[in-house]
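Taking the form predicted alone, here's one chain by itself in structure tokens.
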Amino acid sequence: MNASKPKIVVLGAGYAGMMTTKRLCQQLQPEEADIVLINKHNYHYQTTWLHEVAAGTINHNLARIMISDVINPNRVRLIYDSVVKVNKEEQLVELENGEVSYDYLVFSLGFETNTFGIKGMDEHAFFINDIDTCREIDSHIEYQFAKYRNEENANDDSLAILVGGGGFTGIELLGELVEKVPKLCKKYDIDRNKVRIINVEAAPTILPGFDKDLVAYAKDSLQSRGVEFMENAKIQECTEDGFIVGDDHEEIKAGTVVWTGGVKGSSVLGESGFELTKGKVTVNEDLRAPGEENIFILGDCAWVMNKEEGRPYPPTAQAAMQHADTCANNIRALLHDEPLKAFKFSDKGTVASLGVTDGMGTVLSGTKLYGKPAATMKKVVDNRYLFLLGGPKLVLRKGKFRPF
């Protein structure tokens, strides 16, 4: 690395980090800046596919992409290590196994699970955090079926699957579970009616903030395939046996408990002294951290305000990818002493999968999609990201072409 060239360090190879790195490589000549990408693993994974890995409806290898397959290691220095802290005064990133200096920093370390202090949740529930935690969920569910099949006087409660949180991730997980459970029942010769899939949501309805027609469709679709919904049901405690719910402390027993009820930005933000609001940094409109000239914060670590509505934009994959475009443009502008631009979100719509052949959501100007058209659109969205990241080759290798 050339000491006279500015060094741009990107932390995290999620949607925002990968696309920022990709865009920087496209917009800057090698002699203009050195680029470093630091990530815990040597692979990038599709966060929006994790619910499928957790349910075991896709192989985990489909959801991950080797970073060096899409980011040229001759152009970008790739470091596989865990970030401990950012020392802003000295412009240093402290890693578990060393440290890296920077001139410009892109902080995109993604999310961590937020249990909101619910007693026992950290100890007893599974989380959809990354590839490894999702493989654990898949293995555990299958183990419960195998154990039930081989035990005398087996307890039906051990087959039950409890999903805490009825937001986007929770609902998509339920959509995959209703695909997977019948297959497990067939494999282990277990009556499908013995297996309960229960969703517990503290809000008055699942998918808070979603269009009512879309919510009603999702609920009907999942209920018709065996999901039980408990809405307006606050989880008081998570135990070894399940949830304690509501003011009357009803116990719901299950062999598998998955918490999907909330996320916060990486804990490294707090360790590094950034000012946090609900676990994230509220960034300036150019995506820089308040008071920082050379630090950008993107993706799940950032609240990006929608000034018209007076609230942050939802922290989605499409938003993270758009953060990347603005960030790369603004870093290039800083290098060339040009004015920085404000982030403008272009809403392409949101589609949730409800299994292989079902889904619901909105596209572009709010057009509502249901059923197979929505499921097809979800695959189009997934494949589009792969195309932006790695071109046609990556789409052919990792794309979703599952037939209906």
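Because the structure is predicted, anything quoted here is derived from the model rather than measured. The first residue of the shown sequence is 1; numbering continues from there.
One more form of this protein exists, namely the form predicted together with a small molecule; it is left out here, but the text below deals with it.
> Which listed residue (L334, A202, L184, A254) meets the criterion of a heavy atom within 4.5 Å of the small molecule in the model of the complex?
Filtering the options by heavy-atom distance leaves A202.
> Which pick from P314, G98, G273, G291 sits with a heavy atom within 4.5 Å of the small molecule in the model of the complex?
Comparing distances to the small molecule in the model of the complex, the residue within 4.5 Å is P314.
> Check A63, N329 and G390: does every one of them have a heavy atom within 4.5 Å of the small molecule in the model of the complex?
So, no: the whole triplet misses the small molecule.
> Choose from 258-266, 174-182, 221-229, 144-152 the stretch whose residues reach within 4.5 Å of the small molecule in the model of the complex, heavy atoms counted.
Of the stretches listed, the one contacting the partner is 258-266.
> Can you check whether G242 is within 4.5 Å of the small molecule in the model of the complex, heavy atom basis?
Flag for G242 set to no.
> Please run the contact check for G279 against the small molecule in the model of the complex: heavy atoms, 4.5 angstroms, yes or no?
Taking the distances in the model of the complex, the answer for G279 is no, it never comes within 4.5 Å of the small molecule.
> So in the model of the complex, is the small molecule close enough to A55 to count as touching (4.5 Å, heavy atoms)?
No - in the model of the complex, heavy atoms of A55 and the small molecule never come within 4.5 Å of each other.
> Residue-level contact is defined here as any heavy atom of the residue lying within 4.5 Å of the small molecule in the model of the complex; does T169 satisfy this criterion?
Taking the distances in the model of the complex, the answer for T169 is yes, it comes within 4.5 Å of the small molecule.
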